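Have a look below at one chain only, the form predicted alone, in structure tokens format.
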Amino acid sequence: MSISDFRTPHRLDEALSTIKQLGPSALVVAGGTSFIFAPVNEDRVAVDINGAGLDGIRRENGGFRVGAATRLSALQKHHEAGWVLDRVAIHLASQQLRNMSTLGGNIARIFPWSDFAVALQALGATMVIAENGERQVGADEYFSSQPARLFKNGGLLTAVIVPAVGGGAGFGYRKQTQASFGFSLMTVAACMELEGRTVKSVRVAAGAGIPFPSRLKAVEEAVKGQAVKEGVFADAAARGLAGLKFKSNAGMSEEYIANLARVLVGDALTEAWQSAKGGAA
């Protein structure tokens, strides 16, 4: 890829105007860690949004509003009641990459191994897109296919609204790699709400070992309404994943990835249940 020019807008409106003016040649830049995956024959104009005021984490309506240009290292360091994305960030690549990579960059273009595409689906997050005004897109719609379709008219991902987890709800996260800095073989996240010992609601998502990070709705259906007892999550994982298409990953067979998925789904559900049980009133 060839960068023919470099623009540095200092406000959101300036960034949007620049992107619209440049059209398809605009390449939005924040951390710049995914350049390696860009087509080599493209000639683009970089639009650096780091100065446009799109970073930071703040409380909003009982949850958190995270600026799209917020570094993953900031997510990792943030600790507050209801905040769980630190547990996702700490497992992404190396500290050097977390210091550069941004939340928006991790989900503006989705790869099979994209960590936050999994976690944000499980949490039921909402993506905020600025274009002509501001619109909010729920995780199920946003991650239904490549997000580029949502930005084709000059839109820009500006923030992610992340629900706080607590008060009878819990979060579980599992990621398996061959090496600590390697791409994931399988990633699973689960968010569960309890009513007594019964699963009132649950969202489960996975990535890396399947073609595109997605909700595991069959697993959710197998868990919802169940009274928690020994083996219930392992059984739900086995039943809910039956028939799901897995892909060979990092030299591992589809059968290996399928077995790994069953283990990680069961573990993530158990972690979410233990967390929810500890936070229940």
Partner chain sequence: MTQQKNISFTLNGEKRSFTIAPDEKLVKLLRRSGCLGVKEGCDEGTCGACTVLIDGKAALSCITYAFLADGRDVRTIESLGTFEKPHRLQTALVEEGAVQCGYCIPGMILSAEALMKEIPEPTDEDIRVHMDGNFCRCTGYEKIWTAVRRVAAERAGKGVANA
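Treat the numbers as computed from the prediction; the structure is a model and nothing was measured. Numbering follows the first chain given and starts at 1.
Absent from the display: the form predicted in complex with the partner chain. The rest refers to it.
Does the trio Ala108, Ser114 and Ser145 actually contact the partner chain in the predicted bound form, every residue with a heavy atom within 4.5 Å?
No, the whole trio is out of contact, none within 4.5 Å by any heavy atom.
Listed range touching the partner chain, judged in the predicted bound form by heavy atoms within 4.5 Å, from 164-172, 137-145, 86-94, 202-210
Correct option: 86-94.
Ala234, Leu241, Ala250, Ala46: which sits within 4.5 Å of the partner chain in the predicted bound form by any heavy atom?
For this set of options, the contacting one is Ala46.
Going by a heavy atom distance of 4.5 Å, is Ala227 a contact of the partner chain in the predicted bound form?
Looking in the predicted bound form, residue contacts with the partner chain do not include Ala227, since no heavy atom lies within 4.5 Å.
For Asn99, is any heavy atom within 4.5 Å of the partner chain in the predicted bound form, or not?
Within the cut-off, so yes.
Quick one: does Val29 come within 4.5 Å of the partner chain in the predicted bound form, counting heavy atoms only?
Yes.
In the predicted bound form, does Lys77 have a heavy atom within 4.5 Å of the partner chain?
Yes - in the predicted bound form, heavy atoms of Lys77 and the partner chain come within 4.5 Å of each other.
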